[in-house]
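There is one chain below, alone, in structure tokens, taken in the form predicted alone.
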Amino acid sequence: MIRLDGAGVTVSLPASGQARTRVLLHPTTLELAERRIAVIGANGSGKSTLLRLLNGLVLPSVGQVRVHGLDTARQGREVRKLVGFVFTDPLAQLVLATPADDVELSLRPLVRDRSERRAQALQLLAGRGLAHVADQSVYDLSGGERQLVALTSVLAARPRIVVADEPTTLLDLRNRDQVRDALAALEQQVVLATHDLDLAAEADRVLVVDGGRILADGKPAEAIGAYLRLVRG
């Protein structure tokens, strides 16, 4: 269970003279318990801020965020063990030279023996159909392969929740479908932000964010309909 209790985010803006602030997310109260939750909205609406609150990448300026009872502000390290985060651009999180090295890094806290870590990393990549790129440079991979490697690295840490920020936005149709299928098959709770309304329609619950506020929250057809009315005026 993820719970937001009046959680909001305000940032300071550089300015000469009087200090200025901007509200990225107005105080929000939510319980997120469904297995698949999609967050939709325009660029700059607050989607990414909302998602980053869920594993402590962003801390609330007011209110509180709890994940399975853990406070993201006070117990961030423990929260990040529970919540894996997949970025829009996988190169933002692939920190080592090859897929095998990166997945092995995620396994390091769980598997102490180096040879066993390597074997598990290769096995996990093979399970995603990535055995053939295990030792290639991440810069030589396609966008879809990079995103699947990033997802594999996140899952190697055995999170209970996966948060994905527009994971298919930079992908072509074939690679988008591969990533969508991979996310759909996960046992973990998945919370994702997306512009892909077909992907959002597959969720159990959809949140519509606009201007840093939750404007609609409900079943996919209802929430997506509200979003389309919003953007079409």
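Residue numbers run from 1 along the displayed sequence. Here the structure is a predicted model, which is why all the values come from computation and not from measurement.
Keep in mind the form predicted in complex with a further copy of the same chain is missing from the figure; the text below concerns it.
Looking at Ser142, you'd find a heavy atom of it within 4.5 angstroms of a further copy of the same chain in the model of the complex. a further copy of the same chain in the model of the complex comes within 4.5 Å of no heavy atom belonging to Met1.
Interface membership of Thr29, defined by any non-hydrogen atom within 4.5 Å of a further copy of the same chain in the model of the complex, is ruled out. The closest heavy atom approach of Thr88 to a further copy of the same chain in the model of the complex falls within 4.5 Å. For the residues Leu199, Leu170, Ala182, Leu70, the 4.5 Å heavy atom test against a further copy of the same chain in the model of the complex is passed only by Leu170.
Taking the partner from elsewhere, no residue among Arg158, Asp217 and Lys219 has a non-hydrogen atom within 4.5 angstroms of a further copy of the same chain in the model of the complex. Stretch-level contact check against a further copy of the same chain in the model of the complex with heavy atoms at 4.5 Å: of 31-39, 184-192, 200-208, 162-170, the positive one is 162-170. Interface residues of 109-128, taken as those with a heavy atom within 4.5 Å of a further copy of the same chain in the model of the complex (partner not displayed), are absent.
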